[in-house]
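So this first bit is one chain, no partners, the form predicted alone, shown in structure tokens.
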Amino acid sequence: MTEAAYDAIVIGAGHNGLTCAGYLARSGCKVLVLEANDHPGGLAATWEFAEGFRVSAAHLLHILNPQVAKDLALELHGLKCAAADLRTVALDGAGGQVAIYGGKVEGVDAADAVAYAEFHRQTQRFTKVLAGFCARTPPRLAERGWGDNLALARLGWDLRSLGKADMRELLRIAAINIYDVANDRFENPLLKAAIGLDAVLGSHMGPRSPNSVYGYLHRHLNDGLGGGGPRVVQGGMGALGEAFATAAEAAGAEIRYGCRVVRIDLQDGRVAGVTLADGNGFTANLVLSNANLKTTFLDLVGPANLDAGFVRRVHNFRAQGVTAKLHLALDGLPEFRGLASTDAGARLLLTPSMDDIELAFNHAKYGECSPSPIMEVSIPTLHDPALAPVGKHVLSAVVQYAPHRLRGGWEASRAAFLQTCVDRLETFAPGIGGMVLASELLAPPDLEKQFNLRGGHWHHGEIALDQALFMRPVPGAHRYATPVSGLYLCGASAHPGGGLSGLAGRNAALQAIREQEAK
């Protein structure tokens, strides 16, 4: 059964899919968004995991692109922040702490304070160049047209505008590891740990891994645009997903939930529409997939319809998650050693040193969970009390490292690793174990199932130079268009990668519009 044709079909109502739909609809396209789940937003989702306690998958808003937010009028469509410009506080578990806020750092000696101010100044300049590139379709490096040459010239000009010293430094550090960069500049182990964790959070990397400097710059993408610190969304991150959905619908897009796409239909080698799990189908000349790279091509298109070399590149795209999400319903507010009460609602990093992060990562290399996991912790109820019953609190933690392919399997290991996480928290916040009323651990296989993330990877794939910029996700699909005529990628698998920025969806829509107008 085939229903009425659409100009474009977007697979997946994650924030990038909704961004893409919004821009397409604004251009006059008749757009249909098909979402397998019963809610929008993807990882920008909020749910009740225990009676009265609500949590979000992605718990802090870091790099939402301001142009996307403006174009889609997200604030008019319900996006509000309960807290903005959060301080980042690194704790060592013994009472020591370092607090980072913008270009300033507290808890270090004068030399490190000066060094960090310079490091932040350079980061802002580097990320301004990177943010500009991330907001554009990458140019072709071979068989270039005048538009590609113009884009390369623009990138060259942006790099040259850094000045000789900063340009040389960017070229020196871009492909190396954050461990060496931080050790070269700073003495304080907690300051180095905070920088190191920002470089690897959500990735299958440790501070000593090549490309981790690029991971740091990606996480700080908005620094160069004058953005502040992390934000807590009022009502949970699901409110962000709802704002994107409302904005897309206001632009004219139609969204249908509970509609799982199982096949991208082809006719004479080009897109003809999609087929759902229930057998229904929809026709369109354009399909834009917010699903990850491997699901899109290996499952929905099918290897038989693709060149063998391209299929091999898709298979080799690294997307094995090592990050879990922990939620605790607490009977009260925990007290962390050395943490001032005014910083209880800050972004808390639980790691004494970069060496601790690297040692934790070592276990993931061999399919083991870390016995001393590293955590990014938020207590959102300090800013948004409605997320828990009166007097109670929610603790939300991103946990490194918990591999998708766990030796022995997750069913046999889940309870033990959850207890390991609580014990680790007890080291930093004595007595917190006795405050736990309920808990939820989302391991990478849970993230894969609940949010349709292949491999359970938060970013759809590693944020590394061989899978970024001109190369993301793979040659042949690095400009949103793919080897299948009429099929585009618009999710985190595409340039510029993961994070709640909206840029992949925006760029894909604009590229599709340009290419269709040129035909």
Partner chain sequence: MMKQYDAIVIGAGHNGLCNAAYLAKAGLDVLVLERNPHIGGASVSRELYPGWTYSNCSYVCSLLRPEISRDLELPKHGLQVVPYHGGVTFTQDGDYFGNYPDEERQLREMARHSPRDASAHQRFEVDVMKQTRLIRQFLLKTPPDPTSFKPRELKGLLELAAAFTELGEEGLLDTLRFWTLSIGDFLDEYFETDVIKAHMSGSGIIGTALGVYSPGTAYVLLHHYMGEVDGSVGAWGFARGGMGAVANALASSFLAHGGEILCAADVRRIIVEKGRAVGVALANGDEHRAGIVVSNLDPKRTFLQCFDAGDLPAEVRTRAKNFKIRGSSGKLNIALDGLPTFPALPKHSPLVLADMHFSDSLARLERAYDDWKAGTWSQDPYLDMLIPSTVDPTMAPPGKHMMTVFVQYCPPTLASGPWTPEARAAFGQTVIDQIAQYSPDFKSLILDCEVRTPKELEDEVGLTEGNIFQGELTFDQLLFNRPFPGYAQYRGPLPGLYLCGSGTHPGGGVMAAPGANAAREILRDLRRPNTVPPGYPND
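Residue numbers count along the first chain shown, from 1. In this text, all values refer to a predicted model and were calculated from it rather than measured experimentally.
What comes next is about the form predicted together with its partner chain, which does not appear here.
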Decide if the three candidate residues His62, Cys81 and Thr127 all line its partner chain in the predicted complex, where lining means a heavy atom within 4.5 Å. no
Could you work out which of Glu335, Asp278, Asp180, Glu254 is the residue within 4.5 angstroms of its partner chain in the predicted complex, going by heavy atoms? Asp180
Within 4.5 Å, heavy atoms only, which of Ala438, Ala416, Ala175, Ala386 is in contact with its partner chain in the predicted complex? Ala175
Within 4.5 Å, heavy atoms only: does Leu141 come near its partner chain in the predicted complex? yes
For Ala45, is any heavy atom within 4.5 Å of its partner chain in the predicted complex, or not? no
Heavy atom to heavy atom, is Ser341 within 4.5 Å of its partner chain in the predicted complex? no
With the cut-off set at 4.5 Å between non-hydrogen atoms, does Gln320 touch its partner chain in the predicted complex? no
Heavy atoms, 4.5 Å, its partner chain in the predicted complex: which of 194 to 202, 166 to 174, 232 to 240, 81 to 89 makes the cut? Say which one. 166 to 174
Are there residues in 469 to 489 with a heavy atom within 4.5 Å of its partner chain in the predicted complex, and which are they, in order? Phe470, Met471, Pro475, Gly476, His478
